[in-house]
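We begin with a single chain expressed as structure tokens, specifically the form predicted on its own.
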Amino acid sequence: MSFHPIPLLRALLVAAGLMAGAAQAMEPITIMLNDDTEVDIRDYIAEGDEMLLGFACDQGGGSNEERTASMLAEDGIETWMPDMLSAYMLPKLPSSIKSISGDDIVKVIENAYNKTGKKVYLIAGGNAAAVALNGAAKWKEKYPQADSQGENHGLGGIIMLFPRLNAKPPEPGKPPVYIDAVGKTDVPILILEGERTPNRWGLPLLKKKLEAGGSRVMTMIIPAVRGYFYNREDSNLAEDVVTAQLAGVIKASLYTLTHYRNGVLIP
């Protein structure tokens, strides 16, 4: 399925103008994964009907992620930011991300849905996109009768920023080998990738592989930025601008994920 970027670009411009406002309240909560494992969650409370379940890209929750969650809450989108690495007693390192269980992500989704009654959307960047995708794949196993929108059980879709879903380093001249969860989900997926990263050229193949399980997949290129753009110490002007408007980008992405079918706006 092809996706025309112009409607999303317009939505980005509209949403970017809505992000001013005071910081929203954050409430710390704790949920139990099992008898001896609990997860601390930062809940950025909002009154809307949709919520994001966010996973930081590499090293827990950074200041940009927290600021963005607060701004989204101001605009009616609740965000949960679970500290999965501390729950596993793992160091906040990129390599630790791979140790997070998809089954435990399902438990967090269930807790979020049961506590709030809101449609849950997963959002993750970089290596953490694999965590979200693993969770969605396990969700499909547990709830095989849920339709493509997750209407039966509360999971609505996934937003992935510059996802890194390779199972091993790429080899020249060979197609990429993706993690097992690729092609095993059936919820809508929106991928945002930076224009200044070689990974953008692999989006058509990744899209095709993800769609094999029944997911509707859309892709969008963010001009003039690299992967991990909002966590870079050497960020350029374009990356600083997009980071400042990240809440608007995410809000527009959520709108696109929920309102577009085959490039057509669904009211």
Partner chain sequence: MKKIIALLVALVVSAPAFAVNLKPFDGPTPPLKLQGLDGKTHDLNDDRGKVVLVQFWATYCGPCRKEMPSMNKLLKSFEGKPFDILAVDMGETKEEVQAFVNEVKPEFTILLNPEGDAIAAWNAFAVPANFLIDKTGKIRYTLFGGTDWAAPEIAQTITELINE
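None of the values given here were measured: they were computed from a predicted structure. Residue numbers count along the first chain shown, from 1.
Form predicted together with the partner chain: not shown, discussed below.
Against the partner chain in the model of the complex, the set 223, 245 and 248 makes no contact: no member has a heavy atom within 4.5 Å. Taking the partner from the other structure, the partner chain in the model of the complex has no heavy atom within 4.5 Å of any heavy atom of residue 98. Using a 4.5 angstroms limit between non-hydrogen atoms, residue 117 is distant from the partner chain in the model of the complex. The partner chain is not drawn, but in the model of the complex it has a heavy atom within 4.5 Å of residue 197. Within this chain, residue 171 lines the site of the partner chain in the model of the complex, having a heavy atom no more than 4.5 Å away. Partner contacts here mean any heavy atom within 4.5 Å of the partner chain in the model of the complex, and among 198-206, 36-44, 65-73, 213-221 they occur only in 198-206.
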